[in-house]
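Below you'll find only one chain, the form predicted on its own, shown as structure tokens.
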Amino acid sequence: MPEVSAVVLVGGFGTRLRPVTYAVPKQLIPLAGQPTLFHAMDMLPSAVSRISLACGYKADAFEAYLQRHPYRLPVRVVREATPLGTGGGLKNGADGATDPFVLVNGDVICGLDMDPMLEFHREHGGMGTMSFFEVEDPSPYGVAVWDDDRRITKFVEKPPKESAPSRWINAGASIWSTSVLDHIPGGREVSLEREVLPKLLDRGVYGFAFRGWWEDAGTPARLLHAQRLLFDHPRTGRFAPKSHLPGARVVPPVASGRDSEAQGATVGRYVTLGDRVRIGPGATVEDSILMDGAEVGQGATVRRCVLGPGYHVAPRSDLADQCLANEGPSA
């Protein structure tokens, strides 16, 4: 099969995950031992041989991370001078793309197999193929209706729940002919979903429906739910090697980074520890993400929390359902 390129969108500010995202872009927050971005790229079809990362916010952080932790495929960081939205980011990042190419949102976590989706796209011969997942409440997402041939006949972005035309939502992974780029205005912010897609339906855009598991990881609660899904549905090679936590009571699944310590503590279930995390004796951490250098004091309890790099939890504290970090907005 001919090689295929991919564009991964990581231009968002991650506002719903602040203050953690003042320090770290949301796609680099670790889930089940790997950054969210790597999990999103893991679902790319096997024919993909190179990736363009369409970056706006904190592009330097992506470049630095990829230099320290190279992905299994070549990744090129393409910067945005100003925020360009999903359509503008696609157009900016797709220079030199193959025909067809793959487009993925960098914060989508799901069990989609894109190999049959690419085959489906080639068979149907349309301008694009979009993935869709069925949910109970489609109102926060783009919603589609298709005919018997899976050709999309209607697409509505974020409809009220009571008037949504279906419960099948845009799952954040798609395959496009390069001709789609001709329909995206250049040099400004463009919403692919609102401005471009409705005008493309008569050119043949198809829906590829899948079931199983999916999450967009855009809020603290969804981020932690995505982590539970990843731990419960591991893919080969997904997890980094686990370091030991000698002297700790570990309740799997747990992913721990280098040089982390939890002597006399209880860690798990569903916990990711970054590098150099310190958890004091008698402390409990469960269903949480603690990033590099975080510390939990003796006897403290941390449940359903996302803690940014270097964040300190005081001894005997009781934290639940928090998203906390040391850093505020940079000047």
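These numbers come from a predicted model, not from an experiment. Residue indices: 1-based, along the sequence shown.
Keep in mind that the form predicted together with a small molecule is missing from the display, and what follows is about it.
Residues within 4.5 angstroms of the small molecule in the predicted complex, judged by any non-hydrogen atom, belong to 102-110 and to none of the other stretches in 102-110, 226-234, 146-154, 174-182.
Although the small molecule is omitted here, in the predicted complex all of Leu9, Thr86 and Glu193 have a heavy atom within 4.5 Å of it. Lys158 is the sole member of His244, Lys199, Lys158, Arg211 with a non-hydrogen atom lying within 4.5 angstroms of the small molecule in the predicted complex. Though the small molecule is absent from this view, in the predicted complex it lies within 4.5 Å of a heavy atom of just one residue from Ala262, Met41, Ala32, Ala54, which is Ala54. Taking non-hydrogen atoms only, Lys58 never approaches the small molecule to within 4.5 angstroms in the predicted complex. For the chain shown alone, Gln27 is a contact residue for the small molecule in the predicted complex, at least one non-hydrogen atom being within 4.5 angstroms. At a distance threshold of 4.5 angstroms between non-hydrogen atoms, Arg16 is in contact with the small molecule in the predicted complex. Interface membership of Gly142, defined by any non-hydrogen atom within 4.5 Å of the small molecule in the predicted complex, is confirmed.
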